[in-house]
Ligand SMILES: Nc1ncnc2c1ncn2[C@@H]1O[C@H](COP(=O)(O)OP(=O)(O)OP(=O)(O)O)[C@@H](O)[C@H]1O
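Given as structure tokens, the chain that follows is alone and in the form predicted on its own.
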């Protein structure tokens, strides 16, 4: 047993954005980017040795810009688990986590405080991926647990049975069916067609249509996040791009819709598999309670598009969206963190 005061934190270390929610009322979200100055001039510009989030993106011409996660997991050196790329990504991710945890303290951190955290991970993160998250948290959190991100969403909404959660992030789209127990491997599916995949398709379609336009993926990403839609009812969408140095209004309505639709077939196929392998007496209940979460859930018309596909392949489907797509996963992780008894955390420590 311990005599320290406990601070519980729910954490979502995302490919594009990282979030914490604390039981002291503080919550914070920042882009998952870190920048290190290129030289003495850039160090003076950013006012230090490191810059995070939006400030890192804003100063990306002056810094070495890093995003430590890819497809929802830590960047890996394909040839060597302990390669340079992996070690650097681990150090950068730990620095990002420290920055997030620092937001939890309005004043100086209380040294007599026990910090517990639940970190949301992709639905089918491998054993090594989970170990990576644990290593990142080592020395930052006193107690840590890794949980499936869509499970955290469901837990936070108190939807523990007869539901199918679809968490659409930047690197992965995770599907998880809930049936009153902790979901197993058979209950979850991960695809890599998510927000980054939409960005890639959108960029390629614009390049094809406006060959002389000059733009970056960051410009495209920001426009997509503000305007993403697959609805045929909306207004025309125009983005201002420099063509031969002159700002030009470019119609990208059909290109954005096509890029956003690219993730739908894999999502619906995942739904079909999870429904078809579920207890037949409860399959209709599952189809009636499909819930979209994550940044991708904000795509206008996406829930209706998935419903239409479900009607064709499964006969019926009802899809809704979470109200707070940014914090839903971290909120659930916080609730899970608070609900776990002290004995559970003590047991976790003995396994290390």
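Predicted model, so just to flag it, every value in this text is computed and none were measured. Numbering follows the first chain given and starts at 1.
Another form, the form predicted in complex with the ligand, is not on view; read the next lines as being about it.
Contact check at 4.5 Å (heavy atoms) against the ligand in the model of the complex: all three of 15, 149 and 196 pass.
With the partner omitted from this view, the residue of 27, 298, 303, 60 that lies near the ligand in the model of the complex is 298 [heavy atom within 4.5 Å]. Here is the short version: of 225, 269, 258, 142, the single residue with a heavy atom within 4.5 Å of the ligand in the model of the complex is 225. With the ligand omitted here, the record of contacts in the model of the complex names 163-171 of 275-283, 245-253, 110-118, 163-171, defined by a heavy atom within 4.5 Å. In the model of the complex, the ligand stays beyond 4.5 Å of every heavy atom belonging to residue 86. Within this chain, residue 221 lines the site of the ligand in the model of the complex, having a heavy atom no more than 4.5 Å away. Although the partner is absent here, residue 122 lies within 4.5 Å of the ligand in the model of the complex, judged by heavy atoms.
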